[in-house]
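A lone chain, given as structure tokens: the form predicted on its own.
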Amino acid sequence: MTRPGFVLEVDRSTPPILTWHGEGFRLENLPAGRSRVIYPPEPLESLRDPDAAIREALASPLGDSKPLRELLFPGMRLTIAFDDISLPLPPMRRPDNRQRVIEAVLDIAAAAGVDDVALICALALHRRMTESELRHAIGDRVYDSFAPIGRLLQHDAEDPEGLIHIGVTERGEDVEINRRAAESDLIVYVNINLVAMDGGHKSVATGLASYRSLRHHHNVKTMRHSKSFMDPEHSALHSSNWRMGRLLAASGVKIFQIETTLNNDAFPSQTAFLQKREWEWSARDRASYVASTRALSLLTPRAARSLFQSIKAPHAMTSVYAGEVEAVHAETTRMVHRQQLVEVQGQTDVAIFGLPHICPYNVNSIMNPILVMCMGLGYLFNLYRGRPIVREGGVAILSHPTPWAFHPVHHPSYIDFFEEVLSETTDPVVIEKNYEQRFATDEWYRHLYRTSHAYHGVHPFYMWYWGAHALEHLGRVIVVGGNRKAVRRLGFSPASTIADALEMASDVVGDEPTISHFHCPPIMIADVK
């Protein structure tokens, strides 16, 4: 039996707690009697035969959908869209879930005599994937069959000829998506659901959308009204995507959704200590920790990044569902919650988040300061259902080196956002009003997004908005061990150690505050009662 998540009340016998710090980790002592550590559940058992499970899901779909085989016919136009490199994290060992599912869909399509098939990577405003990244996600056989004949595409949200405006929702939201997909007889969407926010109508309505559509929910107002991205009933982001997805369905765009879930087995066996509770470390685990930290201390930051980015996780498939979008997503969400939910009683004055080396937007890249903010306040802070683990007016402590460093190919507009925008203001509302349109429509950023491997010009704005709810909720944000100049540019307070950060937090929340340490990764969702 897989052990569920666990909340440890720290006492004097509690060993030091592992805390991630970018391309490294530290052991931290937490104050006894007023600290707790929230641990994720252990990995669920994986499917014994994923390929057989996929075939069964395609033959027995959920909702009012017919089996995939019955939806296919000679002469039809079929588009298979799939999630990009932003998940899973870390990237999984081969074969990737996307490869398994796409190969199964193509086998059925070939048997049905379907010749007009195209694959589209659903990038939204993310960077284009490289050949090696695509090969890893969809497999060599699929890549070699489709790329040479121009049938392996990457969605271009700035291609005026490649987009089609479907209509406007009852809230005035434009729905504009990829033309090839919209004009197909069927879209098959292949998804990996890493967290409860992924999947459902968000797959097509975001992944294949244009800036004209995305601006309706990737904005400050929506983010501030999404009191939990992981709880659909309290997420304005979710509500907007669902309105758009339902408009697509009402307009005759046919989607056959295929969603898969993974367990949270995130690290190879040689670093097994990263997923264990510290008091259960064996002598081998302790030796592995010491050896790892010593080895990392000898590496340059660039070498350490390269080492960590090479990690391929032993994630394994725990479920696969196919059919009508909403029926599929309901079952997928249930499985995600089964793996990730941890019941937590009440909030605390302070939350500590150790930030790992990777987030959805720095795969094979650099975690620049803006992504540090997004990872801490946009993602880890929001990994809750109900209420945040830290009370309103409380303090978030992030642990990360926060280098003043950017990937010049992947994040060109981030550099200008950091240098020009954040030097003037960190207020999301002011940033959105005064700067967004200029970056979003800049022709050079557009060119780099469309022809190179750059994120869209507006992307750093969205990363800043992602943390807007946390910025409004918190009384202070402190970053431990970061580049002090970069941390101050973000509008946060630098600290040298966790102990120093807790002393600084007392100025906001009083002496001897209560503390929650969010022991992530692996990913979990705190179900705060």
Partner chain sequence: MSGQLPGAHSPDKRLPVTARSWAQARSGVRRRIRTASTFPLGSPPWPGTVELPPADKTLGVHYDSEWARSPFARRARTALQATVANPLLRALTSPSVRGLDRLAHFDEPAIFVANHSSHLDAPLILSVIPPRWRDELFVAGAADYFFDTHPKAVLSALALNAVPMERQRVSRTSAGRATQLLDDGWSMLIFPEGGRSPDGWGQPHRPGAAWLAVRSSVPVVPLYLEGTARILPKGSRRPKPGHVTVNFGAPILPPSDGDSRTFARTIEDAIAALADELAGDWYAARRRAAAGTTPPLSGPDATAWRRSWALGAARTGAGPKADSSRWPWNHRP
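Residue numbers count along the first chain shown, from 1. Given the structure is predicted, the values throughout are model-derived calculations rather than measurements.
One more form of this protein should be noted, the form predicted together with its partner chain, which is absent from this view; the next part is about it.
For the chain shown alone, E392 is not a contact residue for its partner chain in the predicted bound form, no non-hydrogen atom being within 4.5 angstroms. The closest heavy atom approach of R246 to its partner chain in the predicted bound form falls outside 4.5 Å.
Contact check for N264: no non-hydrogen atom falls within 4.5 Å of its partner chain in the predicted bound form. At a distance threshold of 4.5 angstroms between non-hydrogen atoms, T222 is out of contact with its partner chain in the predicted bound form.
The single contact residue among D285, E103, E278, E436, judged by any heavy atom lying within 4.5 Å of its partner chain in the predicted bound form, is E103.
This chain is displayed alone, yet in the predicted bound form one of E233, D144, E131, E183 has a heavy atom within 4.5 Å of its partner chain; that residue is D144. The stretch from 29-37, 460-468, 45-53, 476-484 that comes within 4.5 Å of its partner chain in the predicted bound form, counting heavy atoms only, is 45-53. Contacts of stretch 101-120 with its partner chain in the predicted bound form, defined by any heavy atom lying within 4.5 Å, are made by E103, L106, D107, A109, A110, A111, G113, V114, D115, V117, listed in sequence order.
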